[in-house]
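Presented below, as structure tokens, is a lone chain in the form predicted on its own.
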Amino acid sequence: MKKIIGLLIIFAVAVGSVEAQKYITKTGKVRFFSDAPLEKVEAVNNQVNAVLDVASGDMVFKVLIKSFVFEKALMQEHFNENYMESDKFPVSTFTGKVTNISGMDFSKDMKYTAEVEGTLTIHGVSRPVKTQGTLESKNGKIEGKSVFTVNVKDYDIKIPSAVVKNIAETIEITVDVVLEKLSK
């Protein structure tokens, strides 16, 4: 009986430490920016879900496409209906890993350069990506930031010839999240 109780205590401690290594947010921010010859287009989404496991480096992002907000309502409508086909492809995801996480100590307030690679899915198309960003441990939270580009054609997003000079072929994506320790 003592062995069983001892094993249960060890198991409970192990499970608790695994959960304590995951950081999450439901209010992450993703911004995209298109700098085309005739028009600059920017949209922000402040409802991004993200999880980071600091033990393994595994990370997942989920972005609801209809949650992007534009300066002009017509841009938002065209984005959802014509380009992203949001009813057909409602979310974009990133599933990947911080490949150099083993050298990071999040128990101290520190800032690290993060090497990230994984699979980015946009508009139903999944492609491998590799980028850099920063992970900063501050006040028990982890702030993650990255800026990278995607080519519209790589994700089968069609730009009508009538507006081809209004939308850039390469879009800048900015990710900014504050992750909090997952609690029971």
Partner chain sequence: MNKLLKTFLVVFILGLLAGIAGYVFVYNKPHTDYARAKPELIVDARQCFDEFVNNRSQAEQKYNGKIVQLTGALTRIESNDSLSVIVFVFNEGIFGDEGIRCTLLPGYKVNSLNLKPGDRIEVKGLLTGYNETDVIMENCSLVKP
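Numbering follows the first chain given and starts at 1. None of these values were measured; they are calculated from a predicted model.
Omitted from view is the form predicted in complex with its partner chain, to which the following refers.
Contact between T149 and its partner chain in the predicted complex is not found at the 4.5 Å heavy atom cutoff. Though the partner is left out of this view, E136 does not reach within 4.5 Å of its partner chain in the predicted complex, counting heavy atoms only. Taking the partner from the other structure, its partner chain in the predicted complex has a heavy atom within 4.5 Å of a heavy atom of V51.
Looking at S34, you'd find every heavy atom of it more than 4.5 angstroms from its partner chain in the predicted complex. For the three marked residues, G96, Y112 and T131, no heavy atom of any sits within 4.5 Å of its partner chain in the predicted complex. Comment: its partner chain is not present in this chain, but in the predicted complex one of E39, E42, E143, E117 has a heavy atom within 4.5 Å of it, namely E39. Residues I24, K26, T27, E39, N46, Q47 are the ones in 24-48 with at least one heavy atom within 4.5 Å of its partner chain in the predicted complex, listed in sequence order.
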